[in-house]
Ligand SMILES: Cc1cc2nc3c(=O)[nH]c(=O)nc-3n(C[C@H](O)[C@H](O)[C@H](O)COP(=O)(O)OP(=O)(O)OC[C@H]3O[C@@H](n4cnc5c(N)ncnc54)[C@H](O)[C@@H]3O)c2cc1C
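Only one chain is shown below, in structure tokens, and it's the form predicted alone.
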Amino acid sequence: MIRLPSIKINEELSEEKVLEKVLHKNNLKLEEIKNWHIYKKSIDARKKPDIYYNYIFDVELVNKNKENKFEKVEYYKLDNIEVKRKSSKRPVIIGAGPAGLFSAIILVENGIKPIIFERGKKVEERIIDVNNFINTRKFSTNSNVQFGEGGAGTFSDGKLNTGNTSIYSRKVLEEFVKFGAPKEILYVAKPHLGTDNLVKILKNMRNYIIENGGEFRFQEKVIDFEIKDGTIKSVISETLNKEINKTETDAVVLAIGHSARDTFKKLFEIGVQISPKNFAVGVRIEHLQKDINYAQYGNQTKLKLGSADYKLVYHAKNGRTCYTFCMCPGGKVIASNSEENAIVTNGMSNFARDGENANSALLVNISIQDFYKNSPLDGIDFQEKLEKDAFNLGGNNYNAPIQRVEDFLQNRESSFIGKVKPTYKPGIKLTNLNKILPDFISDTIKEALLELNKKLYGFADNDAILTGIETRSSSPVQITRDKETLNSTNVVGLYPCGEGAGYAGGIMTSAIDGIKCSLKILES
């Protein structure tokens, strides 16, 4: 195909009408086009209120001689993979998040039938447990926002934007569309799925994997690994009824997610190479979505732009970096703990992004030197202390501690809620977050709030709400692996994979990493 130069559109038009304009601009006619699709659609809001869409089209011409005037493009396809794997043993995938699911899809597409262990429940059952916690405060340690089919990304915005330039990115997007995602994710600049869409998509993925020979073992947690002479031999699992099973295998995709702390500890105990890594800690910040829309788009009324987002970063005087992460337009702040008596926050939104509030993580980088004492797992201890402190500050009943931005900056306890109403459930408690945040985090966030307000008007609004605490933006460890084989550096056949292993950061990069690990299994 060929890629046509971008075109600016400042009105709401159908895709076909935009195509007509771009063809006219490039002296082409519709009858000369054999095939076409939008490659990218983005918003340019740099000169408010003169806001417009940027479209880029890829087309296939009937007359190939005309192609020479334009940029030629090729799409990488995972076709005709040479499967060298001859083992009769079935690969094991631990975790049914994006990394685990895409690892399974690649295997079944190539005739290999994996067994997928997931400590949590199927997504439709998992949602019941999450809602039950919100309504009754009864917490399930294996079926929650972190654990269960789809992983932590199920209860988020389903964001698919990434800086990763992998050749497999298109494969991930196409698979999501195949399983029920809106087609627009293939070309919008910042694609997202929405939690409401993800439920349907995950069920379709599961059914496809099963229909092609894959096997799911829900509510069965891997508790140990048999390793002999530096090679994986089997995994030991435990069912809900405490039944212990041993599954022989020679390939294990370790897609356990960033909150599988018990598995991290077991891997360290049996000698699998693990290293500490940097991560980030902070709070969730909420604003009125209409205020974010105005700050980003002004009084623009010509285009139906939907809920605006933002991505901000500030380098503080103390050398720390404060940045926004996992911004959820029209969303809400949710409880994301994976353990009892702890508070962890995250953000989520449905595909329509039509909620009253916008929210985002506001994070400060944590370096290894901040927490390391004598174990690569010390970062987990750092996280756990903050999560338990937040639980205590909230009143020991799963209420999240919250504070108005004005009060946070003045280091005083909040006594009222202003125009921004907090969305966190099951409940909230007005307090002073400075009491639990280390000084270097508090000081960095305070400085950043005032500076980021200069970049995005209203970011430090007095009534904006801070909710504590966000600790799970990324894994605090890395399960080290060989760059070429993707095997663990000291266990052959063990493939550390995705966000929990320290090799991804979000749905897209986790899915891509799952693809990479399965390709190595097929090649082995």
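Residue numbers here begin at 1 and follow the sequence given. This is a predicted model, so every value here is computed, not measured.
The discussion below concerns the form predicted together with the named molecule, not included here.
Peer 1: Could you tell me which one of 424, 147, 279, 408 places a heavy atom within 4.5 Å of the named molecule in the predicted bound form?
Peer 2: That would be 147.
Peer 1: Heavy atom within 4.5 Å of the named molecule in the predicted bound form: which of 358, 96, 253, 107 fits that? Just give me the one.
Peer 2: None of the others qualify; the residue that does is 96.
Peer 1: Pick from 112 to 120, 241 to 249, 203 to 211, 435 to 443: which stretch has non-hydrogen atoms within 4.5 Å of the named molecule in the predicted bound form?
Peer 2: Checking each option against the 4.5 Å cut-off leaves 112 to 120.
Peer 1: Does the named molecule come within 4.5 Å of any heavy atom of residue 498 in the predicted bound form?
Peer 2: Flag for residue 498 set to yes.
Peer 1: Does residue 157 reach the named molecule in the predicted bound form if we count a contact as any heavy atom within 4.5 Å?
Peer 2: Taking the distances in the predicted bound form, the answer for residue 157 is yes, it comes within 4.5 Å of the named molecule.
Peer 1: Evaluate residue 326 for contact with the named molecule in the predicted bound form, applying a 4.5 angstroms cut-off between non-hydrogen atoms, and reply yes or no.
Peer 2: Output for residue 326 is yes: heavy atoms within 4.5 Å of the named molecule.
Peer 1: With a cut-off of 4.5 Å between heavy atoms, is residue 181 one of the residues that contacts the named molecule in the predicted bound form?
Peer 2: Residue 181: no contact with the named molecule in the predicted bound form.
Peer 1: Can you tell me which bits of 282 to 302 touch the named molecule in the predicted bound form, meaning any heavy atom within 4.5 Å?
Peer 2: Stretch hits: zero.
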